[in-house]
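Only one chain is given next, in structure tokens, and it is the form predicted alone.
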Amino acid sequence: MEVDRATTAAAAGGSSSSGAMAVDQASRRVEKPLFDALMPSEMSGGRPQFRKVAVPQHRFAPLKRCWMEIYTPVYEHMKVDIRMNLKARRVELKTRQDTPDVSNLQKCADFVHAFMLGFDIADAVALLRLDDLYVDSFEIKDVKTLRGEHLSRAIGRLSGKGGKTKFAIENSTRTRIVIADTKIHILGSFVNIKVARDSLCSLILGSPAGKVYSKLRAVSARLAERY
């Protein structure tokens, strides 16, 4: 009997001591500190961030004509400073104290760069509003080495009569295409850019427009079912 009482007392003492230890551990737990989100101006140690976009010679006149259409969304909506450096021939962008998101600076740089490549303002401004848009560029010689009249005919196949082929590819893939001499620029989402680029490469390699149209119809139908 005495042995049983001693065992029971030891068990009770052990349970009370373990309970006291659990309380001590719970009291020692430190709550995680909660910090407010950093403003973009605070992420780089309070220093403003910059982006510079070079202006080609042939885009000076369009830039001067459309300056307010570029300035308004960048300065008023994205809260990013913008100016034209005439001496260095480039557009300079800088974050402000009230810039709401650090990614706005890069979006604005992509928007201005797309305009320099030849895209319309109405198309390029989508880079500011949507996150999954990109600009992809390549040259005809990257696909096939062509010279002289062969190169001219390839460029003609890409555009089609009155731009018909280019517009057909743009509308079916939901992209925008700029053909500047031997350089080709495509604006759109990642998947759509790939479809448009495959169609353009087929035309460069010599495929007739009708064959490219039929392939586009099949791919567009698949994309419509997926999304």
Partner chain sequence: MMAAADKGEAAMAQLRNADPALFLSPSADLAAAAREASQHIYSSLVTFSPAQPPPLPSLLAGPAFDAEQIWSQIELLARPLLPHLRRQLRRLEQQPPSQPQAAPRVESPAGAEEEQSEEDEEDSELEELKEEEEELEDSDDEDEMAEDDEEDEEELEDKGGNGVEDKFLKTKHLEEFLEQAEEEEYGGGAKRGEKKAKKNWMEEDSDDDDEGMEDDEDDEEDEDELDLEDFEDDEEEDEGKTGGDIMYKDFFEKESKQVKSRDSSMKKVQSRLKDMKMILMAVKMMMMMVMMMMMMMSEQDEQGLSTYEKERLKKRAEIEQMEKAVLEPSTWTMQGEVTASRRPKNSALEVDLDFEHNVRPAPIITEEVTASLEEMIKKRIAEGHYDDVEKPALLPTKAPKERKEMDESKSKKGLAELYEEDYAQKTGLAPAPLSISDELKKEANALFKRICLKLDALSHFHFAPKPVIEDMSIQANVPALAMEEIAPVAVSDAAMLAPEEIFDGKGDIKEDAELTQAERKRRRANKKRKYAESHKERPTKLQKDA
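Residue numbers count along the first chain shown, from 1. Owing to the predicted nature of the structure, the values given are computational and were not obtained by experimental measurement.
Below, we refer to the form predicted in complex with the partner chain, which is not included among the displayed structures.
For the residues Lys32, His58, Lys64, Arg47, the 4.5 Å heavy atom test against the partner chain in the predicted complex is passed only by Lys64. Out of the listed residues Lys194, Lys52, Lys164, Lys183, Lys164 is the one that sits within 4.5 Å of the partner chain in the predicted complex by at least one heavy atom. For the marked spot (Ala122, Thr175 and Arg217), a heavy atom within 4.5 Å of the partner chain in the predicted complex is present in each of the three residues. Within this chain, Ala168 lines the site of the partner chain in the predicted complex, having a heavy atom no more than 4.5 Å away. Contact check for Leu200: every heavy atom lies farther than 4.5 Å from the partner chain in the predicted complex.
Among residues of the shown chain, Val143 is not one whose heavy atoms approach the partner chain to within 4.5 Å in the predicted complex. For the chain shown alone, Ala88 is not a contact residue for the partner chain in the predicted complex, no non-hydrogen atom being within 4.5 angstroms. From the list 109 to 117, 150 to 158, 90 to 98, 124 to 132, the contact stretch for the partner chain in the predicted complex under a 4.5 Å heavy atom rule is 124 to 132.
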